[in-house]
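Just the one chain here, laid out as structure tokens, in the form predicted on its own.
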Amino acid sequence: MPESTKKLTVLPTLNRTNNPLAMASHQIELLDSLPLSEGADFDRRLETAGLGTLTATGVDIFQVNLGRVCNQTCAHCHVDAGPDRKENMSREVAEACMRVLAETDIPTVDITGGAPEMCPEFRYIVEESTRLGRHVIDRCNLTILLAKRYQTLPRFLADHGVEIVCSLPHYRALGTDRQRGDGVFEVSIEALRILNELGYGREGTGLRLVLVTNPVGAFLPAGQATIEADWKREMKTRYDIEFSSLFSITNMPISRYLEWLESSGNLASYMQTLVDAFNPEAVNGVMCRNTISVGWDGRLFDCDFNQMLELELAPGQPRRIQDFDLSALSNRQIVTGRHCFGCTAGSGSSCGGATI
């Protein structure tokens, strides 16, 4: 497979520029300081809605974040990932994760990053997880599949039956490149064509290909069910590309998207929009209720968003993958904050798209 000759625009991360918002504590302080209307306390909002305390219902998804290294620096990234980051999961932590899988019956392994494929332990985790009979998801930015050193990945993923969930903010170049960097759309289309050739997104192959769209701006996403048919038509007509499903995800006010909201003057209004759009019916499907998130360093979190804000599990819960306790984690109390309104606004939002 030829390497793409298209050069991507890559900007420095918040961490590289020493931006105060590179610190999780500063992000939380900023969100908590916003003068929002009554009802902006998430736990109190749950109580008012008669939902009580947010608790886990089990652990069906074992989500592992392999690090913050990425070949892109997307404007909406809640991880502040990029080429200048160094965080990557070690073999020791990867092996501990696989021991947990071997000792439990958690059915799904959800691999994310950064660009998780850039972590040296990525293939080991895929191989071991599939050997143990687990369904594996790779959260892929698409452009990595055409980068030098990674061009054998599409075949590797297909051979292991890995589901690919990939980001594409819009089916037009302008919308995608505005959010993910100049040149990203063109390379993404190249990558999708390669995946289609391998059978991804085509009926009867068992190779599931999911596209993820999120707003390019300070507003809520369109209804997932409503726009999926439009996306399938446009992607087929414009580019002859097929895919299995579309996920519509709300941008979370964390890290680089938080920085954009603040610098563009949209932060308070966007957060108020999330609070006003709180939907009690969306709460049942939020990802933290059936997911455990493992950081690149082995720390445990309720979700990938809490991980980026360094909000560790509630007191009394295991702190690291080496201390994993499925029974305790399956009914744990979820740690929340104002950012959680991003998952319960409108139709809801999770790693699996809309929650209702």
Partner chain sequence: MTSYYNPDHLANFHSISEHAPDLGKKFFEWYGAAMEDGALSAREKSLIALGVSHAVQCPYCIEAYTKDALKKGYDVEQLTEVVHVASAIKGGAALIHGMQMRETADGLGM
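All of these numbers come straight from a predicted model, not from anything done at the bench. Positions refer to the first chain, counted from 1.
Keep in mind that the form predicted together with the partner chain is not shown, yet the notes after this line are about it.
Although the partner is absent from this view, Asn284 stays clear of the partner chain in the predicted complex, with no non-hydrogen atom inside 4.5 angstroms. The partner chain is not drawn, but in the predicted complex it has a heavy atom within 4.5 Å of Tyr171. For the chain shown alone, Ser263 is not a contact residue for the partner chain in the predicted complex, no non-hydrogen atom being within 4.5 angstroms.
The partner chain is not drawn, but in the predicted complex it has no heavy atom within 4.5 Å of Thr237. Stretch 212-220 is the contacting one of 179-187, 196-204, 212-220, 144-152, since its residues have non-hydrogen atoms within 4.5 Å of the partner chain in the predicted complex. Exactly one listed residue, out of Ala75, Ile106, Ala158, Ile227, brings a non-hydrogen atom to within 4.5 Å of the partner chain in the predicted complex: Ile227.
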